[in-house]
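Here's a solo chain for you in structure tokens, the form predicted on its own.
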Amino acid sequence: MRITGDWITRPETRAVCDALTGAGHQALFVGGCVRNALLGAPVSDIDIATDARPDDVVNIVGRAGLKPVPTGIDHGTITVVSGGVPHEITSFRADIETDGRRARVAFGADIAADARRRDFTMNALYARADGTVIDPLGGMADLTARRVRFIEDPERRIREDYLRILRFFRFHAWYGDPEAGLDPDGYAACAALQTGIGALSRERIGTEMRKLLAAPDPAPALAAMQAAGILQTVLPGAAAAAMALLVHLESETDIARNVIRRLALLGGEGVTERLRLSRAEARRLDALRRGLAEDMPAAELGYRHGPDTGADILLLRGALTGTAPDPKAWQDLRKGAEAVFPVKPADLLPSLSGPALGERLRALEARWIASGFTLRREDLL
């Protein structure tokens, strides 16, 4: 079997492979690029495994006129920039010691040993520069069945890095068969070892949860996380019950899926801190939560929050109540978003100022909104 794609044949990538093979070493595509190519999914990141040691990789690509960046040289990874395109090159290795977050590795020349240190069988697929697939652990059968399965002993794989618990659910959401459900051995191991999540940095947890929530339909994976208690370990107080309906409403209204919208639906305590949200993400999450707490008609939602945040709030209301917003709500939302309050503070000066001015503006604005945005400046004054 061979994989194909423009990313394999482009000159920038060929230059990296040719530099390694020309020096007598292997250059094998591995992981996500091979998996996605086999699934017909887009390929973004290019990972290459090699039997060359990290220092040798630096020297080899440097002589070829490529730029090596020692992004993870202690763990065997060099980023090689070729024509502006980054390629992650990692030496064949095996984990010899790990604390669940970091590993001490030994470099080698055995592709099977390199494959065994990876997380899931579908990520232990390799391909030569000509696209020929190499499957040292039988991962092709799992990929074909869309079965996310840990390599060999699930508990051992998880103890090497507890983030693999969250990756198990994220990969199921993106690549798994929802009808077949999760691999039972992997699921049981994740449930048994979930306390190890507490040893992970919040940045890593946040990144993984964003990727999970960005999946086309994360509802089955989130429901499984909740059933095992893992969702509560990550976000105490979160609930996944309404996620399936939100995903359905997003599809019905043709509104693009959004991580923060879905996060607002999950709820939970201390989300901003626990997932290390950016300031912009935190502000949007707060706006959605405020909008959900307000009993505000759709037109006022559009006026107060704008069309995008207003649409998010309508979708969230529909998911939580089990009732899809009616067409009139969407029309009212757009009308409110386009409305401009016709009265300015200067219109009330100098007779009013300070708190009295603000109070009067708010009262006039409320009258204007209640009129369906029809009252004119002259009417209000």
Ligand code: ATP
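The first residue of the shown sequence is 1; numbering continues from there. Keep in mind the model is a prediction, meaning the values are calculated, not measured.
Below, we turn to the form predicted in complex with adenosine-5'-triphosphate (ATP), even though it does not appear here.
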Mind checking whether each of R118, Y175 and K211 has a heavy atom within 4.5 Å of adenosine-5'-triphosphate (ATP) in the model of the complex? yes
Among 156-164, 218-226, 250-258, 76-84, which stretch has residues whose heavy atoms lie within 4.5 Å of adenosine-5'-triphosphate (ATP) in the model of the complex? 156-164
In the model of the complex, does F171 have a heavy atom within 4.5 Å of adenosine-5'-triphosphate (ATP)? yes
At the 4.5 Å heavy atom threshold, is R283 in contact with adenosine-5'-triphosphate (ATP) in the model of the complex? no
Within a 4.5 Å heavy atom cut-off, is D45 in contact with adenosine-5'-triphosphate (ATP) in the model of the complex? yes
Even though adenosine-5'-triphosphate (ATP) is not shown here, does R317 get within 4.5 Å of it in the model of the complex, heavy atoms only? no
The unique member of P342, G62, P70, G32 whose heavy atoms fall within 4.5 Å of adenosine-5'-triphosphate (ATP) in the model of the complex: G32
Of the options N123, Q194, S91, T309, which one has a non-hydrogen atom that comes within 4.5 Å of adenosine-5'-triphosphate (ATP) in the model of the complex? N123
